[in-house]
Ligand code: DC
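This document starts with one chain, in the form predicted alone, laid out as structure tokens.
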């Protein structure tokens, strides 16, 4: 047997973008897996027929009736990227496909909490992509409120204006490039202390989490307030000094300059504000899995989080 992974580089929602193939010695597909952008999955198993025409078809996927092309031939088309993988890697995807089919009617919610700079945003994006889930950085919803106040030259302590802005936030139109500005983040931390604003945005966030096939949400109170019944809860943290160094490196990587001491002081202030607020303070949920990334690169953190999630899903399969 030979095992091949193919990435189909397109934006067609009706076509799969991640494909895995088990190729028999006669070059016909023995097993096929296809993952789609909406989280759905299809797979097929070759039957007794030598030409692959009588496959078991599941989820709209069939094996080809023609011999599988060489990896070099696939890569000659710029729309595709193919590489050979191991049998173990294919079997891992096969188990994931089976689990996905069993749970397509059941939402999967992953809640990620933690302080600024711990790496939870990058981790959330990696996990959402890996498990084919919707993604929401809830911090952007508060930034959107603050940005609206700034744009209209309204004071950040104007609760009524902040409530109006919160009701108008469209989760489908959160522009990270605009909302990631440092000044917007500082302002967001101030409007986030208003209980009424939090309640408005939490309702929007909960509605997002119930959109199939499920979601990865990251923020400060996902596991404790927004989605207390989330399937998996992660609390991602790192020391303030490590987070300050990461922030400094990020600024310098885009040609900027900053003072480490000022960044560290800013992070400490934000931590105190987030952890000390009366409404929905930053803290790990009682059943959250702690992930300290102080000594971890993002790849190591991703693998550690994936191991936690896969273990939970495996136990859910047996339930």
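All values reported here derive from a predicted model rather than from experimental measurement. Residue numbers count along the first chain shown, from 1.
A second form of this protein, the form predicted together with the named molecule, is not displayed here; the remarks below concern that form.
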161-169, 207-215, 69-77, 132-140: which one contacts the named molecule in the predicted complex at 4.5 Å, heavy atom to heavy atom?
132-140
In the predicted complex, does residue 283 have a heavy atom within 4.5 Å of the named molecule?
no
Does any heavy atom of residue 198 come within 4.5 Å of a heavy atom of the named molecule in the predicted complex?
yes
Taking the named molecule as it sits in the predicted complex, is residue 243 in contact with it (heavy atom to heavy atom, 4.5 Å or less)?
no
Classify residue 185 as contacting or not contacting the named molecule in the predicted complex by the rule of any non-hydrogen atom within 4.5 angstroms, answering yes or no.
yes
Non-hydrogen atoms within 4.5 angstroms of the named molecule in the predicted complex: do 126, 233 and 310 all have one?
no
Need the contact residues for 214-243: heavy atom within 4.5 Å of the named molecule in the predicted complex, sequence order, or none if there are none.
219, 220, 221, 222
